[in-house]
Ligand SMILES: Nc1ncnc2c1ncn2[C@@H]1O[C@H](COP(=O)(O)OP(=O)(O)OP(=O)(O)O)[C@@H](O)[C@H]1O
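Just one chain is shown here, as structure tokens, and it is the form predicted alone.
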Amino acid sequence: MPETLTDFRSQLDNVVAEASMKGGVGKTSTTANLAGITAASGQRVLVVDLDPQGNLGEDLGYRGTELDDEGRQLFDAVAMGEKLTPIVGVRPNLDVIPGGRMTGKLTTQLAGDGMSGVDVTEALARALAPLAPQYSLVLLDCPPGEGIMQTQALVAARWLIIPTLPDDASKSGIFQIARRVEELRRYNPTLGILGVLLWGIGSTSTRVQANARAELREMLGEDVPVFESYIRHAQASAVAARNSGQLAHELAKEAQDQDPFAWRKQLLDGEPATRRIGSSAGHLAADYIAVTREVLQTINTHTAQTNQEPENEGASA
């Protein structure tokens, strides 16, 4: 293992963290759907769940199964220096490092090590560096708030996505995490904010969306972009997806395939009632697909610009 994080920073260029100071703003759902759609497009994706609640397992359907180690693998790798080994094939091309109960113990362990004088700031980055190059995209799902696991993620990540609701409390948290990014650049000078993602927008709330974008631009300036795509408010479909361990596009496919005359069989033939999926599932899936496209395009644009910089400097010289 290289002695300094700078030596292996390039191995983490595909790592994207999703973080916010406030809970309930769509971090986990966005992470799961971004991962699932990217994997379905044919790219290999790794998701690391850094939240002791382990809700990613609900969105991806492995919570409480034999695949769910409740963060044991993450603990052993980050705290004990063992090889980081993911759960393989949660979806085709999609692997996962679960979170959960042991992730909470990892937080306690890292806090104790830090108080003993051990520098643990780069612990996750060091554990992740050998594994990350095997994937096209690595996503880190962070717990809310300014805690140890969020710091671990921001030191390991190349990019940060900040989901937010359009309310004032959520938007004020963006300024706090942007300031946190600046503080952590002494450990991770390449960390950048890929964009702010508006989440939970009403389908007809054009004025709310426009006002939120204007306020974010005024608050953050042009250096912190706001994604053009957004996730609309579709609570019924979001709840149905999480309860069934499905992603939005999977739920939308089931909605498309469901029998529109199932009610007749229930009413006239006495068959058991079947779950009826609303039309909002398709709209929600379309939103996540649009977000995924914009996120990947933005990363590709930044990568292309970075790759051109040495050539441009040489040409100007």
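The first residue of the shown sequence is 1; numbering continues from there. All figures in this text were calculated on a predicted structure; none of them were measured in a lab.
Beyond the structure shown, there is the form predicted in complex with the named molecule, which is absent from this document and is the topic of what follows.
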* Partner-facing stretch of 229-237, 183-191, 76-84, 208-216, counted where any non-hydrogen atom is within 4.5 angstroms of the named molecule in the predicted bound form -> 229-237
* Heavy atom within 4.5 Å of the named molecule in the predicted bound form - the one residue of Arg126, Arg242, Lys171, Arg158 that qualifies -> Arg242
* Asked: Of Leu46, Leu34, Leu284, Leu50, which one comes within 4.5 Å of the named molecule in the predicted bound form, counting heavy atoms only?
  -> Leu284
* **Close approach of Val25 to the named molecule in the predicted bound form, 4.5 Å, heavy atom** => yes
* Trp199, heavy atom within 4.5 angstroms of the named molecule in the predicted bound form -> yes
* To do: Give a yes/no on whether Pro144 approaches the named molecule to within 4.5 Å in the predicted bound form, heavy atoms considered.
  => yes
* Structure fact -> Those residues of 147-166 with a non-hydrogen atom no more than 4.5 Å from the named molecule in the predicted bound form are none
